[in-house]
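This text opens with one protein chain seen in two forms, each one given by itself as structure tokens under the names structure 1 and structure 2.
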Structure 1
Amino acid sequence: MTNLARIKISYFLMITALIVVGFLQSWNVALTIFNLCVISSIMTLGINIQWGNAGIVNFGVMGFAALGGLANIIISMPPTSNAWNVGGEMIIIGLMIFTLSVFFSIILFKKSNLNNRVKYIISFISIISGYFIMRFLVDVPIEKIEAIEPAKTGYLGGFNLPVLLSWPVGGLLAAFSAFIIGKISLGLRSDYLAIATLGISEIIIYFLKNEDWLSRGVKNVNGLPRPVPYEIELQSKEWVLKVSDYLDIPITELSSIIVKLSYSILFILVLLIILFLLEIAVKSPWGRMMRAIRDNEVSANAMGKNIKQRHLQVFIIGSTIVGLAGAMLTTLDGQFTPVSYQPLRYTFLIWIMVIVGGSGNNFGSIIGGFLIWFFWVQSEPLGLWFISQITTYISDTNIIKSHLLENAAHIRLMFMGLILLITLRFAPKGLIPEVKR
């Protein structure tokens, strides 16, 4: 079967599954699954260009997604004026001093003719001094900021700009972090790189959980602005009332469907733009070079290619896409919850999407994102139905039946493992394999 036929069949089945959910459950559920599937597919595209096209192992997915979520706060939330008055400027000054100390160390290594030992000593002194000066300047202001109505604010807030602007900013934050991480860790062997990126992801999420002045930590930031209308606004529109009467759908349900459809249009537009750009990149000389580096670094290096520099490029591009998807996800949720970013759990899911869909193929990554997230959401009701069926003739007071019904949600983990095993057995290159050019 050709790849084109695989794509047509896979996408048709996925659309059919969503329509079935719409009829059997509700269109609200179907559209919610669809929106999350689109965001998952965008994340998968980011990992696919790193692993599928360059052979880079990135287990720091959730760290970059969390930075995308942070962009929502920085861009769209209104500033907390009292917080800025008691020490916001001092925090900015402290961060700038620490940043300058790091840049001084970098310039010292690049421009200075001193021997390496002296460079290391001066750089160490510079960074440590910058850190302690920063802590001296920001510790007291942070305590004051976090003490300002901690149940409501207790943080600096943002710039009160349109929320759609936070999507590219989320990508830029992830790109900047990827540049720093890549400079440090790229060049390591793949297993060491995987451990390094996972560890750095944990550090980023730990930082966001504990720095209340920036992200409110575990208290979460609720009420993020939307790029689409609110349900209550739509319910007062005359055209919505007419459509509700014509289709005989409750006005509350119809308004929710319209909101989700509006999100779907935005998400699909972003997905198509990213897919278009990645397809151009993959089919270009640059894409062929990246695959050559992936397949044989020694030969590519002998041909004069700067392996580390090219890996850094791909690492930044893929992380930018993941950061963009993270910002979109936080916008859809309407709140920023650092505790929900669980690296081991969701990184595992994203990688299953890449493997099942077909690493090295962008269309495969999209169908992998749709397939895995669809079954991740639906496996709980399916598992509950399955267990109910096999225990029909067992008494309701039976301990084993009660235990199985209470733990039906955990069947999704078994389901993910089963999908992965079946795919690796019968389609080891994924549902839509990479096209060899």
Structure 2
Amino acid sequence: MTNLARIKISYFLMITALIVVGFLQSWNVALTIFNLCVISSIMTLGINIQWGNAGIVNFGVMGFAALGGLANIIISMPPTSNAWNVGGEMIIIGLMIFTLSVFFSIILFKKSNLNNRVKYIISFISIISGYFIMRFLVDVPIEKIEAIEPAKTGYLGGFNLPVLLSWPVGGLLAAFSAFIIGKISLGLRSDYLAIATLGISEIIIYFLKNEDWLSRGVKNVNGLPRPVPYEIELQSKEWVLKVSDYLDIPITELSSIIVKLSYSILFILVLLIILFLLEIAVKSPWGRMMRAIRDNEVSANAMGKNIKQRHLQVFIIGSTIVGLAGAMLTTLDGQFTPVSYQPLRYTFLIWIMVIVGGSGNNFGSIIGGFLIWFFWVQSEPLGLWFISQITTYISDTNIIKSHLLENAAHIRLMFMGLILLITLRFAPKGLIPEVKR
């Protein structure tokens, strides 16, 4: 089967499946799934450009997505009154001093000719003293900021700008941290890189979970502004009432469908733009060089290609896309919850999407994102249905039956593992294989 036929058939089946959900369950459910499918596809595209084209294993998806989410707070929330008066600047200054002490050590290591022991001692002293100066500067302001109405605010707040701006800013935040992470870890070989990026993403999450002055930590930031109208507003609009009458759909349901549809339109727009740009990049000489490096690092190196620089570029590009998608996700949720960032859901699930869709093929990534998210959501009811089918003839009071039914939801983890293993075994190139150019 040609790739084009594969794309046509799989996309058609996917859309059909969503429509079936619309008819059988509800259009609200179908649209909820669809919106998250689109976001998943965008994250998958970001990882695919790194893995499929350059062979870089980035297990830091979770961290970049969370940074995108953080952008929502910084951009769209109103600043907390007084927070800046009790020493908000001190925190920024403290952080900068610590960062400088770290940078000083890095530059010392790279540029100076001192012997190694001296370097270790100086940089150790520099980082330790930088750390304690920071603590000295920030401890009191942090305490004060977190004391401002802790139940409602207790954090710095944001800049009160339109929330849509947080999408590109989320991408930029991710890009900036990808630059630093890439600088320090891209020299590592694949397994190390995977573990290092996973570790760094955990550090990011720990930071967001515990630094209440920035993200309210585990108290979450709720009520993020929306780029689309609220249901209540819609319900009083005349045209909505008319459509509701005409289609014979309850007004509450219709308003929520309209809200979700508006999100869908925004998301699809972003997806198409990114897909368009990535396709250009992949077909360009830059993309060809990337694959040449992936396929044979030694000879590419011999040809004088600057592999580290190329890898850094592609690492930043992919992570930016993930950060953007992370920002979109938080906007859709309307809240930022650091605890919800789990490697299973954010890092490893996205990787399953990349592998199943087809490493190195952008259209594959999109269908991978759609398909896996669809099953991730639907395998819970499917598992329940399956278990209740096979236990039909067991009496309802049986302990084993009730235990099975209670835990049926966890079949989805098994199911995801099986999908990944079966793909790797029988179709290692994925649903839509890479095009040989």
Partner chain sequence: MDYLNGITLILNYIFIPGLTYGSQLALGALGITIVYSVLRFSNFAHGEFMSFGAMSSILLSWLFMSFEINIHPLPTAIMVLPIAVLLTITYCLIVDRLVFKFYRQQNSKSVINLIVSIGVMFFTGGLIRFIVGPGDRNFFDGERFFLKARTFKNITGLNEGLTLKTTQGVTILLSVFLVIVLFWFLNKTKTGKSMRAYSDNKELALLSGINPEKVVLITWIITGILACVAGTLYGLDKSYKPFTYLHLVLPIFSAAIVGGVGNPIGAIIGGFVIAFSELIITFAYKKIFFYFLPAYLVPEGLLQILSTDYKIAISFVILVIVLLIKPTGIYKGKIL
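These numbers come from a predicted model, not from an experiment. Structure 1's sequence is the ruler for residue numbers, which start at 1. If you superpose the two forms and keep the largest set of C-alpha atoms that fall within 1.5 Å, you have the rigid core.
> Just checking, which of these two is the form predicted together with the partner chain?
The form predicted together with the partner chain is shown as structure 2.
> Given a superposition on the rigid core, I'd like a yes or no on whether residue 264 shifts its C-alpha by 2 Å or more between structures 1 and 2.
False for residue 264: its C-alpha shift is below 2 Å.
> Would you tell me if residue 110 moves between structures 1 and 2 by 2 Å or more at its C-alpha, with the rigid core held superposed?
Residue 110: C-alpha displaced by 2 Å or more between structures 1 and 2.
> Superpose the two forms on their rigid core, then report whether the C-alpha of residue 349 is displaced by 2 angstroms or more between structures 1 and 2.
No, residue 349 moves less than 2 Å.
> Given the rigid core as reference frame, how large is the C-alpha shift of residue 98 between structures 1 and 2? Answer in angstrom.
For residue 98, the C-alpha ends up 3.2 Å from its position in the other form.
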